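Look below for two forms of one protein chain, each set out as structure tokens: first structure 1, then structure 2.
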Structure 1
Amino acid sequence: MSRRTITRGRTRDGWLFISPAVAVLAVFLAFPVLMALWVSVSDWRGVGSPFAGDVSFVGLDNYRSILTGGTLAQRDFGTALRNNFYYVLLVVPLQTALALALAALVHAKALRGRGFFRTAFYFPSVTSAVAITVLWLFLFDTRGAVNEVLGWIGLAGPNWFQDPRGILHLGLSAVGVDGAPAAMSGGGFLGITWWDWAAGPSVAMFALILLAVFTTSGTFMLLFIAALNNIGEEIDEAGMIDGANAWQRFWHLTLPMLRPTLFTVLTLGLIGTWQVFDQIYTGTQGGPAKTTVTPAYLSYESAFADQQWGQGAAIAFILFAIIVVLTLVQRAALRSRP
């Protein structure tokens, strides 16, 4: 039997072996994605089959309605993108830095009870998102524990989940800038003026940002612990022989060796933060004044509440494109250089 015949037989057996998994993926993943893609370019209203004869192809009309024209749908999408942009901008670096700090802390041999601390730090990640969100609503209530603590140091805490004011606008107001400069009052992007884009996360969204950092850092801490365990002690010992202090050894030796894990954590964080939905749904329902609406929540609202299934599917695909582009940019930025 020739070598070519053997290779061909192995290829056939391989395909037969994985064919059940491919069939499952096609039914439960590929087909729903293709159906959603069709919905995004059709006028389907959620009644009957999207492939029925009375459903028409509308081309890119659903995409145009949320990206152009100055419509309410466009302004809502612009607001959702702005809210999610600040959410990603703050959550991803904060959760990554905190996860790395916690991993370095519980990895240290000098720390007693490391198992307890690992469990304690990881516990928020395995707790129900609904339960954690409800707890957060109590903590950040007007008369909650957070405002009580702020009162001890003479600060009047805001009405967290009812305050739509942007953090950056509040900072500018503190130095006497209460309105939009002329250059920022007109124009804008996606129906939102540049002044509104510069508002920063609202007070309500800031509370949700703290919630996200609290609940996700434990999971990423485990990834960093696994990576730290794979770094041999001889690396650290070599640094000590060369006279490097603890910070220099961490910065110049340990951190570069964590680059693959760092890329994984940043990628997972980026994807997860752009897809945030459950905390919005259970916490604020997009309020106050739509300052906690995100594209994922807006997609749900458009489809299930407003019966605009085409627009909802179009938002989902635009969100998918944003995640893919940002992941590629991040991959290029973290690529190892000679």
Structure 2
Amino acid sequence: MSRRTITRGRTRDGWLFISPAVAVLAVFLAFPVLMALWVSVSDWRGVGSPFAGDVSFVGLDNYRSILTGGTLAQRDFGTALRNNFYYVLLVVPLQTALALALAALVHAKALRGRGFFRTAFYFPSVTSAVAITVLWLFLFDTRGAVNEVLGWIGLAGPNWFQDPRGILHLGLSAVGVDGAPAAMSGGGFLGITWWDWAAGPSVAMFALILLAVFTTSGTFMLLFIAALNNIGEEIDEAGMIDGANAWQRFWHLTLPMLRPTLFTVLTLGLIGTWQVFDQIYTGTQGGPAKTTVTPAYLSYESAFADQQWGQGAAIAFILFAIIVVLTLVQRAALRSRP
């Protein structure tokens, strides 16, 4: 056998081995993205092939209609961005802090029942988003378990999944600010007034925020536990000899060493929270008053329910861009730190 035949044989074997997986990835993931890119700049309405002769190129019209012009499509997109923005703003720090706290509590080898606690905290992460959302609808029902428990301590819980009021607006009205100040009712962004941007997540969205924190904190806890195990105990012991208390040791010694994991968790959190879909499809379908519509859900709804395929695809690509940009920003922030 000459060297050339061997190379040729290996190339044949290599392609033979890799082609089933490559075919699936290329046909169902890579190619569809290109196809959707075309749909996002075309006037295809869901009938026939997007490549048929009667479908034409419309440039950036689909993007324009969701970004400009004061149309309903633009207001919906603005609302979806606002909703998801608050979701990210609350879920990412909460899930990260809770995951870190859980990991710090259960990583000690001497802790009795360590395995039990880890299992308890991680279990929600392995179950399906659909099952947990169904459970959440029951727990956060007006007369559900959460409101009953709140009642034990004298609090009247809200009508969680029916309440479209923003929690920041609720806070402001508690201190007597009920309407928009003049400066905030005029201008705005993406068809939403500044006052509405400042609404905060609705009560309904807040229930979904708690749902996300409940299901993801266990997953991220595992990442932190793995990192804590890698640090080892010598450093902690050195700190102890220097007379640092537990909190000082954690804050000044452990936390700086967890920075790489912290950034991984934040990045995964950002990517995940901008994609929230299952919980909304199952639970609220965007209601009440569109306060739980997210870009991912809006993209789905525009295309499949309203047959606005171009707009739906455009929303998906804008969402993609948001995720990519935020990830890059975060990477840069990580690199600039010492």
Partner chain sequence: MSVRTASPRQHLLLYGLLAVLAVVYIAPFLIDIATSFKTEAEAAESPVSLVPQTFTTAAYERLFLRSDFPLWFANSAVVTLLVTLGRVLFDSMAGYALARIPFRGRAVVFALVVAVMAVPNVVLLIPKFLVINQLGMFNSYSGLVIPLLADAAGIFIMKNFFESIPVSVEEQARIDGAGTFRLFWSVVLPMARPAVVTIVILSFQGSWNELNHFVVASNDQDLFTLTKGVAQLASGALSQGTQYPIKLAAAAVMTIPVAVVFFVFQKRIMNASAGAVKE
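Numbering for residues begins at 1 and runs along the sequence of structure 1. If you're wondering where the values come from, they're calculated on a predicted model, not measured in any experiment. We call the rigid core whatever largest set of C-alpha positions still superposes within 1.5 Å between the two forms.
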Q: Eyeball the pair and call it: which is the form predicted in complex with its partner chain?
A: 2
Q) Any chance the CA of residue 305 moves 2 angstroms or more between the two structures, core superposed? A) no
Q. Quick one: once the rigid core is lined up, does residue 57 have its C-alpha move by 2 Å or more between the two structures?
A. no
Q.
Could you tell me the distance the CA of residue 24 travels between the two structures after a rigid core superposition, in angstrom?
A. 5.0
